[in-house]
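Just one chain follows, in the form predicted on its own, and it is written as structure tokens.
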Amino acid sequence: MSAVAAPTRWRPPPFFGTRTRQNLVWALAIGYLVWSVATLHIDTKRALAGFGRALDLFARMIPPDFMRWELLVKGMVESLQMAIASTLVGVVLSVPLGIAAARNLSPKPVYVAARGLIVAGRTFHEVIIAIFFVKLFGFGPVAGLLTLAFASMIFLGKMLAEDIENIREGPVEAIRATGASFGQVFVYGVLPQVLSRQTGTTIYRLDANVRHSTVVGIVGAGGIGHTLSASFSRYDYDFAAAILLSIAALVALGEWFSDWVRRRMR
């Protein structure tokens, strides 16, 4: 019997088991993409005309108008206040939520209720939550603050719960064996294992809230986003360009601060 020649070129195994099955999945994906684009009823002439309007829009944005800097500064300061205050409130509220959502610390009914709240809170985008709070509390930074605080509580609570579930059980059991209360077990057995990671997560959330505070304002939840929306409504494009540049500078400042804190923590 003749020996079977060994392959001279290595090929990765198909992701879906066999190459035929993989080709079938690719064909279905391409077919679905074609069907989706066809059913969107995209008007090609209208889409191409948008490029001409974009050139006119950008031309009217140059040069940016910083003459109304008082209004600009007021909106930027309001966005920063919303971001910082909502992060602090979210951190405080996320601690009981994270403990309740940790399977290894909470009774099952409490765990299920907390996880249900987290899932429900993560279902909606910040803009949708902001619209809800604007309807309840009216236009202004109160709605933006509550929106970002709620979103921060959900995000930080989820991250804290997952960190608690991944801790080493040895120190916790040792502290429990001494007859310590639940609070003492958390402070001395759980908190030292999750504090460093949660600090980094909080900094990340603060950076995200700086960006989100400029978005929720578009639906009337205060901050510089509200000023931007008003300027576009008045076709005041040169002032809108100044606002956009200021938002970019604010986000860059938040990114720099986040990187600086992370370097200090190492």
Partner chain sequence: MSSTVATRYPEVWRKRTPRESAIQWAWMVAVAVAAVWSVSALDIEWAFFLDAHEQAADLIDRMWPPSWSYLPVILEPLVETIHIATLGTAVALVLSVPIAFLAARNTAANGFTWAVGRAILVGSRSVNTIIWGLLFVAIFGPGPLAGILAVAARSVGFLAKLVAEAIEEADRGPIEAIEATGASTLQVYLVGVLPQVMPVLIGTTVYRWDINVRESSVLGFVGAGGIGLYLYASINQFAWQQVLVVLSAILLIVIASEAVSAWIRGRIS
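Just so we're on the same page, rigid core means the largest C-alpha set that superposes within 1.5 Å between forms. Model, not experiment: these values are computed from the prediction. Positions refer to the first chain, counted from 1.
There is another form of the same protein, the form predicted together with its partner chain; it is not shown, and what comes next is about it.
> Which of Ile175, Leu146, Leu97, Leu72 has a heavy atom within 4.5 Å of its partner chain in the model of the complex?
Replying inline: Spelling it out, the residue with a heavy atom inside the cut-off is Leu146.
>> Between Val112, Leu93, Val77, Ala180, only one gets a heavy atom within 4.5 angstroms of its partner chain in the model of the complex; which residue is that?
In response: For this set of options, the contacting one is Val77.
> Can all three of Ser36, Val127 and Thr214 be found with a heavy atom no more than 4.5 Å from its partner chain in the model of the complex?
Replying inline: So, yes: the whole triplet contacts its partner chain.
>> Is Ala242 part of the interface with its partner chain in the model of the complex - any heavy atom within 4.5 Å?
In response: Answer no; every heavy atom of Ala242 is more than 4.5 Å from its partner chain in the model of the complex.
> Taking the shortest heavy atom distance, is Lys135 within 4.5 Å of its partner chain in the model of the complex?
Replying inline: Result yes; Lys135 sits at the interface with its partner chain in the model of the complex.
> For Ile167, is any heavy atom within 4.5 Å of its partner chain in the model of the complex, or not?
Replying inline: Judged by the heavy-atom cut-off of 4.5 Å, Ile167 is well away from its partner chain in the model of the complex.
> So, in the model of the complex, is Val25 in contact with its partner chain at a 4.5 angstroms heavy atom limit?
Replying inline: Val25: no, not in contact with its partner chain in the model of the complex.
> Does any residue in 225-240 get within 4.5 Å of its partner chain in the model of the complex, counting heavy atoms only, and if so which ones?
Replying inline: Leu228, Ser229, Phe232, Tyr237, in sequence order.
> Does Met67 move its CA by 2 angstroms or more between this form and the one not shown when the core is aligned?
Replying inline: False for Met67: its C-alpha shift is below 2 Å.
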